[in-house]
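Below sits a lone chain in structure tokens, taken as the form predicted alone.
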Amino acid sequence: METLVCKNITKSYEKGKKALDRLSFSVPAKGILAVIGRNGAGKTTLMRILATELMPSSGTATMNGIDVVKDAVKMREMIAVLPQESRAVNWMTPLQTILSYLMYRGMDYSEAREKAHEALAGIGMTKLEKTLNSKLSGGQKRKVLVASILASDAPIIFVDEPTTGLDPISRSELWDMLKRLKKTHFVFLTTHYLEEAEKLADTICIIDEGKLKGIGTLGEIRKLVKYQYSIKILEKGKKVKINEGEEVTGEDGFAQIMTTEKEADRLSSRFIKEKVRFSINPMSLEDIFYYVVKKPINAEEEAKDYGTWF
């Protein structure tokens, strides 16, 4: 089976600050691997190392048996990368954007043009292929960039937080593209939108402060938590005595209780009688993430992973 294997991957920057700290895991190189974590957790650093853009300080990584450091040239022939900072050039059209990208990768003009047309048809943008990118919406521009890497025929795709800043409709459209993409490619996806990982990923990797906190299918990730239900009390400052579970107060000031099915049943019955406003749900990936790293993701944070793409 084709696999991605990381062994003790470490990346240190100035003053000994570690963006990655002895990261080790092995996962199937198929479908979507979603790497989740707060901004600055090390997601982009890991992606850059695997995409041969950055040297690790120590450790090794192989993709389908190819060493990403020793066999970097061979690795680059198999991958296409969409960094978070990628932007469609305003004075180019979608057709020109994809065409130039494919020719840069070494494709001849006629083949590149044919694949560019096919890629734009695949995302429903044939009628816009000669429209300047400056006239497209943010979601459409992002779709053009994703279509570019799709048209490359690279079997391994890296996408770094592709839906950051998009509206809900554009985000949903891009999710549909990624769902189609994962049927024929291995997609390495970084995101701090936990719903995105929950909806798209075949395998989820949790990183916090450069350390691996958990990896596996959603079902396997759920086993990191001993509680099955999450109750949110929709009244700020409400104090609750619980027999079993853990209570935390979120940044929004509302209390959240993670507990067992039996205790959830007892508390919900009590809240109904006392007319306490609350919601109850099975533990979501967001709940699990909070439980594992003891702090929430704030998608609006300005902090970035150490290092930049260049």
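On a predicted model such as this, the values are computed, not experimentally measured, just so you know. Quick note: we count residues from 1 along the sequence shown, nothing fancier.
There is another form of the same protein, the form predicted in complex with a small molecule; it is not shown, and what comes next is about it.
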I'd like to know whether residue 267 contacts the small molecule in the model of the complex, with contact meaning heavy atoms within 4.5 angstroms.
no
According to a 4.5 angstroms non-hydrogen atom cut-off, is residue 161 in contact with the small molecule in the model of the complex?
yes
Considering non-hydrogen atoms and a 4.5 Å limit, does the small molecule approach residue 192 in the model of the complex?
yes
With the partner left out here, check for me: in the model of the complex, does some heavy atom of residue 45 sit within 4.5 Å of the small molecule?
yes
In the model of the complex, the residue from 228, 184, 84, 131 that sits within 4.5 Å of the small molecule by heavy atoms:
84
None of 56, 245, 31, 40 but one has a heavy atom within 4.5 Å of the small molecule in the model of the complex; the exception is 40
For the small molecule in the model of the complex, the stretch among 60-68, 277-285, 31-39, 258-266 with residues bearing a heavy atom within 4.5 Å is 31-39
